[in-house]
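The chain below stands alone and is given as structure tokens, in the form predicted on its own.
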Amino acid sequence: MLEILDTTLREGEQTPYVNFTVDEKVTIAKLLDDIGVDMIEAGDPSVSPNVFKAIERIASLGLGAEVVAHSSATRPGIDRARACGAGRVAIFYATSKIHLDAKLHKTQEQALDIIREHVCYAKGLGLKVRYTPEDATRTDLEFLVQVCNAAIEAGADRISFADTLGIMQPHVMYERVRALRQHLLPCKIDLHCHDDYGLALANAMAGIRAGADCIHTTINGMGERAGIPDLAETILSFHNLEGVQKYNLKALVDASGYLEKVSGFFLAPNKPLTGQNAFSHKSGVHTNGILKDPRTYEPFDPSVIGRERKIVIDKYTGKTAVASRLDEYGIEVSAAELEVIVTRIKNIGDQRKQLFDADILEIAEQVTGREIEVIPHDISAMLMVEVESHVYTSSVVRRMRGFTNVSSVYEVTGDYDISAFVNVENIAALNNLIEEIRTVQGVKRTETRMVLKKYNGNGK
């Protein structure tokens, strides 16, 4: 049965410009335990006093997941791993020729001695041991087998096959893991796959198929450079495609959202599963199919992970989607009126990047000649925005400046961090804009102040 080790607290925190507080790390560990991951790699206690403190607190929580501390092959590092209360230490030491020659300045024989010594030392302290041959996928296979078996004989019960540079291809990964499984002494095999070519999850799935036991993940795929397999993508892929149904799917989106908040590491809109657009449908053909039967263009029901589908209305939209949106507002139109409304939406869509519901309602008013609702027009407002404390205000400003109806943005002092001046056609458009701004990662709360009168600088 598949196992998952999540290393958001170690590999994930190695993402450039990301640092978690001790309290945030404890919350992340609890979220991971709610999901049901098998192991949590809580960090390397030698990195800093706060990392040690976080591992110590996490190890004392009594989680269902096994808590793992990371360490280089040094006695002081292993001592700290034991002192912080982790039940397992993950000892790493590189094995590829380029690492041994250029970084460590050690021969293969010296490396073998160092690995044996430190695995044996950790085992003697009562710790369970995982050994990671760093840069394993660029290590000569014969030496890799030799060094892993030496670690197993010294007391390691897990070996982590590390694709440190993300250079594997699925078929090569399959062959390499199968060879390891055939030649290693009894042990469990972990897979630590980096995503430099976008193949991390595919490689990991191939490795599991070849006989490995465990995949290393991070929430939102964070990590050095391009990161490693995303936790949600890994779990959903195995759940839906391989029938592995042991993890709590409903907890995945909450964990992803929390990581965005505390890391400032924002997801691309088109990221699978957790991205803003993951369950959005735009083209007329797609929206027509989705509205008739979601299975036509959705690989699974988004409610499985607590998401909802979204129908986007713009120039690609067909009549079915527009009629459905109007129906949401209780607006009935004839077939001829619908035809004209769709035509006008397409014309406007050629001129703008985005249409709001307010635009659709206004077009419907014009076409039908009926007053759908009284909407004040030409509205100006001051929008005050408070930013999460861990997020750079300038990053939110950059996002806000991209909104068409935002005419100016200021960083300010006081209860709020940002002040923006906005101009919109009507109340509905203002509401849509506010909702869009609230989706900007890092925005904590907003306050809107509508402009009643304007005065120029000479007192008039």
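Residue numbers run from 1 along the displayed sequence. Source: prediction; values computed, not measured.
The next section is about a form of this same protein that is not shown, the form predicted in complex with ligand HCA.
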- prompt: At the 4.5 Å heavy atom threshold, is H194 in contact with ligand HCA in the predicted bound form?
  reply: yes
field: Heavy atom of E11 within 4.5 Å of ligand HCA in the predicted bound form
entry: yes
- prompt: Heavy atoms within 4.5 Å of ligand HCA in the predicted bound form: does A111 have any?
  reply: no
- prompt: Is there a heavy atom of S160 lying 4.5 Å or less from a heavy atom of ligand HCA in the predicted bound form?
  reply: yes
- request: With ligand HCA left out here, work out from 132-140, 266-274, 235-243, 381-389 which stretch has heavy atoms within 4.5 Å of it in the predicted bound form.
  value: 132-140
statement: Only hit among T218, S256, T164, T95 for heavy atom within 4.5 Å of ligand HCA in the predicted bound form is T164
